[in-house]
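We begin with a single chain expressed as structure tokens, specifically the form predicted alone.
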Amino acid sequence: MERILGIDPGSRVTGYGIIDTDQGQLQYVACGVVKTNPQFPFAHRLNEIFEGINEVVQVHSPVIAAVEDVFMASNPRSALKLGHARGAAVVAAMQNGLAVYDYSPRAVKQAVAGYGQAEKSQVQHMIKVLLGLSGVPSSDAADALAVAICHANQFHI
């Protein structure tokens, strides 16, 4: 059995999702978001992301982190901030000894919805179905769970 942490980085909201995989079976463990305080300077918000992911790792003990890659947004400044947020999450995972794998947004959507251009609502619905959840997680948490599932599918864990 492997425990995978999926991370959907964002400078305001970073989603996380944790699943267990055992011989192709997926089991939901936890999901949620790390919200940063927009009143704080950007460097402080990066530290909030680092601390939030660090806490998630320490509470749930995953062995692998799967992180969504930065997509090139129309605004280069937004893409840079997203890259910084992603870096804070990756460093938190690495500092806890996790192996880190990167996946493009297209590959993540393809893995759970069968279509690389799937809408957020489609991803949320498929996460609910694939993991047998009673409700639909927030879009950021669902995206993070999708990243974890993408990794599980990639390696057929």
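Just so we're clear, the structure is a prediction, and the values are computed from it rather than from any experiment. So that there is no doubt, residue numbering starts at 1 and follows the sequence shown.
Below: the form predicted in complex with a further copy of the same chain, not depicted.
Candidate spot His44, Pro76 and Gly83, all three in 4.5 Å heavy atom range of a further copy of the same chain in the model of the complex?
So, yes: the whole triplet contacts a further copy of the same chain.
Does Ser104 reach a further copy of the same chain in the model of the complex if we count a contact as any heavy atom within 4.5 Å?
Close contact is absent here: in the model of the complex, Ser104 is far from a further copy of the same chain, nothing within 4.5 Å, heavy atoms only.
Closest heavy atom of Val129 to a further copy of the same chain in the model of the complex, within 4.5 Å or not?
Output for Val129 is no: heavy atoms all beyond 4.5 Å of a further copy of the same chain.
Taking any heavy atom pair closer than or equal to 4.5 Å as contact, tell me whether Phe50 reaches a further copy of the same chain in the model of the complex.
Within the cut-off, so yes.
Give a yes or no for Gln95: in the model of the complex, does one of its heavy atoms lie within 4.5 Å of a heavy atom belonging to a further copy of the same chain?
Answer yes; at least one heavy atom of Gln95 falls within 4.5 Å of a further copy of the same chain in the model of the complex.
Name the residue from Val90, Val33, Ala118, Val29 that puts a heavy atom within 4.5 Å of a further copy of the same chain in the model of the complex.
It is Val90.
Ala111, Val70, Val123, Ile64 - the one with a heavy atom within 4.5 Å of a further copy of the same chain in the model of the complex
For this set of options, the contacting one is Val70.
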